[in-house]
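A lone chain, given as structure tokens: the form predicted alone.
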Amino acid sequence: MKHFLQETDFAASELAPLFSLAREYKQQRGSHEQPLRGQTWALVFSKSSTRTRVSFEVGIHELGGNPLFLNRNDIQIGRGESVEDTAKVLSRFVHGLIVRTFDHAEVERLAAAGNIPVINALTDYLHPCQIYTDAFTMAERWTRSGDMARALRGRKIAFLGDTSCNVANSWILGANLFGMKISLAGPKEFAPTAALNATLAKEGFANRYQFTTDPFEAVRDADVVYTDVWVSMGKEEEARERIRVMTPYAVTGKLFAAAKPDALFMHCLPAHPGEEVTQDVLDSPRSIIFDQAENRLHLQKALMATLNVARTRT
């Protein structure tokens, strides 16, 4: 059974057809085939969401399926029933499972125990749907036709702020898969973790990123400047200290100008103007944050359709 739990669950050779399908769904929205017709896909969310929930629910509907939203209080997972038993039960009812939770091990356990595709819609460790969408959004800017994945190769992305967060982890893993260079800048205490380094080594990407405490060094020659919130869900008690130590890594107009003249600015949203990024950068014509948000719909539709084909062949 093919799942999408982390970036490397798709091989580099599979990216071009996936991105091509996402582009087709975007261009033909409302008139394309509906490969999930007659199916129900469940969304099991332990964390609140705007873009992730809406894009998946709309996407399932547009592919002809029925989205079934379940928050953690709606079901017995982890309370009156084991994760494994939950996976086995849901596998008898639905055709796919989209999970947004805290512990990454939970999505791995659901995938291992069930017999339906599982998509990681965010854990505290990784956010692969966001990174694939970001890569698709970049490629969309850099190529009009042909192999979109090829447009990413050799490009440089600079990530600023909390470089140990789930989006940073996913971007380090994803950049290596996409053939990109990645440079990260943040406080030493928020450097990429040993767990992330172990994952990279397992995937054959050991030491293939740059970490620095100098934000201007990180953005030098960057094609994309990227940041994320400094205070993620569950970290609210650390807010004051996080903001204090990360303030030097805010993406200001001056810092953005130190990247390539045509560099793009990206943020997975929601943004906090005046913290991780200034309003003038968010409003820049080279800011493509709402393209990112829209493309969650199209890329995730391509993911679900592709995983559904793999499911029917199993």
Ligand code: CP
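Throughout, we count residues from 1 along the sequence that is shown. All values derive from a computational prediction rather than experimental measurement.
We do not show the form predicted in complex with the named molecule, though everything after this point is about it.
Quick one: find which of 36-44, 250-258, 263-271, 283-291 has residues within 4.5 Å of the named molecule in the predicted complex by heavy atom distance.
This holds for exactly one stretch, 263-271.
Indicate whether the named molecule has at least one heavy atom within 4.5 Å of a heavy atom of R296 in the predicted complex.
It does: once the named molecule is placed as it appears in the predicted complex, R296 has a heavy atom within 4.5 Å of it.
Using heavy atoms and a 4.5 Å limit, would one call H95 a contact residue for the named molecule in the predicted complex?
H95 lies outside the contact set for the named molecule.
Heavy atom of T278 within 4.5 Å of the named molecule in the predicted complex:
No - in the predicted complex, heavy atoms of T278 and the named molecule never come within 4.5 Å of each other.
Is Q130 a contact residue for the named molecule in the predicted complex, using a 4.5 Å heavy atom cut-off?
Q130 belongs to the contact set for the named molecule.
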